[in-house]
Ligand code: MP5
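Coming up is one lone chain in structure tokens, specifically the form predicted on its own.
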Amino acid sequence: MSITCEQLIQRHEQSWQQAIIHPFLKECQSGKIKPQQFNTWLIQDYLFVVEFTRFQAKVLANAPVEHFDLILAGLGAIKDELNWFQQKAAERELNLNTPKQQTCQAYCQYLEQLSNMSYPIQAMALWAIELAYNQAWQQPGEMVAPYHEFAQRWGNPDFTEYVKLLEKQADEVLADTDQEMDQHIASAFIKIANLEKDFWQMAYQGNS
């Protein structure tokens, strides 16, 4: 038995669609999102990316040597992304030293769990998390200012290509999995999709 990234999306299409299509994104596209809601998301996403950086470093520690280049490139890019988040927060006069909301905390805790799982699951998770942003910020269509900058960051062609390469690497290691491992992989994929959906919704649940 083996499974591919594409098959995961096909078999769990409803969960995946909920992860990448949300009113938050549509309201960014139209400009109707309330600044407080967007700021709530921005702060919490920064806090998530800090922990995602740690997760990506742990994926590197478990990866085969031939996967190093792409993961290292991702780590280099994520440092730039953290700096960019800090710049955006400063422009909006936001305090990034803010406690994680429950949804963000749950996602970060799941990243910790993933850090202790086998490399095939980690490779799939890295791809799925990045793909969720890549597709979510593309699917509403062109966004109005100032949100078009955010859509461009995760929806640009270079990031799309990076995600495709992550998929290729994940498929390489998924090709050798057995039925039991495939079940764990599917469960992790669904968990990530559900957490992504909840993360968008979190913008409506708290103050910035």
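Since we're looking at a predicted model, the values are computed, not measured. Quick note: we count residues from 1 along the sequence shown, nothing fancier.
Keep in mind the form predicted together with the ligand is missing from the figure; the text below concerns it.
Notebook entry, point to check: Heavy atoms within 4.5 Å of the ligand in the predicted bound form: does Asp45 have any?
Noted result: So Asp45 counts as contacting the ligand.
Next item on the list: Look up in the predicted bound form whether Ala106 has a non-hydrogen atom within 4.5 angstroms of the ligand, and give yes or no.
Entry: Flag for Ala106 set to no.
Item checked: 4.5 Å heavy atom contact, Ile121 and the ligand in the predicted bound form -> Ile121 lies outside the contact set for the ligand.
Checklist line | Partner proximity in the predicted bound form: Trp16 to the ligand, non-hydrogen atom cutoff 4.5 Å | finding: Answer no; every heavy atom of Trp16 is more than 4.5 Å from the ligand in the predicted bound form.
Margin query: Taking the ligand in the predicted bound form, would Ile33, Phe38 and Phe150 all count as contacting it (heavy atom within 4.5 Å)?
Written below: The answer is no: none of the three residues contacts the partner (heavy atom, 4.5 Å cut-off).
Notebook entry, point to check: Of the options Leu96, Met117, Ile78, Leu72, which one has a non-hydrogen atom that comes within 4.5 Å of the ligand in the predicted bound form?
Noted result: Contact residue from the list: Ile78.
Margin query: Under a 4.5 angstroms heavy atom criterion, identify the one residue in Ala175, Val144, Leu165, Val49 near the ligand in the predicted bound form.
Written below: Contact residue from the list: Val49.
Next item on the list: Spot the stretch among 5 to 13, 180 to 188, 196 to 204, 21 to 29 with residues whose non-hydrogen atoms come within 4.5 Å of the ligand in the predicted bound form.
Entry: Of the stretches listed, the one contacting the partner is 196 to 204.
Next item on the list: Let me know which residues along 151 to 188 have a heavy atom within 4.5 Å of the ligand in the predicted bound form, or say none if there are none.
Entry: Contacting residues: Trp154, Phe159.
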